[in-house]
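First, one chain by itself in structure tokens, the form predicted on its own.
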Amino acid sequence: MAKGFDIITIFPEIISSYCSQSILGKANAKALIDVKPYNLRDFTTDKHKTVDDYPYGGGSGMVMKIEPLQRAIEAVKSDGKTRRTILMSPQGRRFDQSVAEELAADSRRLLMICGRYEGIDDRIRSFIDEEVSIGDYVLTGGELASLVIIDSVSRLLPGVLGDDESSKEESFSWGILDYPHYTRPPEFMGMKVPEVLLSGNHKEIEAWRRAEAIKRTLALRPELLDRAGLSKEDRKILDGLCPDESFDIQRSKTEE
């Protein structure tokens, strides 16, 4: 059964355009995912299709109205299918690979609400299950955030990438960054592909990739190592790269 995504937005064409391209487009065509954007303006009752109004108490900007949002949510849910309703919000829990895996494993359709303007009438929280944020920065609207979630979750679904092993070896799937990748030619402007990758020895290649992933994570995102599930072999690699005691927490975990 296809993984379902329902998106309430005032710019449905943004969702449709992105999800019709590349991997997501192919996944849609194969019925591996089902992405349905809903235009919030279709759930207004005035001739101007108004979705926002001035904030009570004064202040700059406009606030999205609760009435059309509530109507849209109820209309989407009227088909009787179970849904997990998510508000794209900077106040929500931080989206990361573990959340992507959680959402991919959830059998419910994901109903995502994309805000615009200064914000959404706070009464929206009575109609959602949770709030999710993709980072501590300001976006013009929630459409990009919802697309990040659709893209990330879809990649984890069987058949979407073609080679299901691909998603298991990407950055963060191991809890650390990805290893370096190379392709033809074997030498370019004096820069050579590491010999081990040309050796055909899969065991050595696997060990090299793991070591390089740990090395890259230590250099670029060392904080990930404190919560990654490192094995004793990983610990040995890390100790060789960084023989101090920066990661005692991880050492105690792997030696239990």
Ligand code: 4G4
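In case it trips you up, residue 1 is the first one in the sequence shown, and so on. This structure is a prediction, so every number in the text was calculated from the model and none was measured.
Same protein, other form: the form predicted in complex with the named molecule, not shown, and the subject of what follows.
Residues placing heavy atoms within 4.5 Å of the named molecule in the predicted complex fall in a single listed stretch, namely 113-121, out of 67-75, 113-121, 180-188, 100-108. The partner is absent here, but in the predicted complex a heavy atom of 145, alone among 176, 145, 153, 86, sits within 4.5 Å of the named molecule. Contact between residue 158 and the named molecule in the predicted complex is not found at the 4.5 Å heavy atom cutoff. Within this chain, residue 134 lines the site of the named molecule in the predicted complex, having a heavy atom no more than 4.5 Å away.
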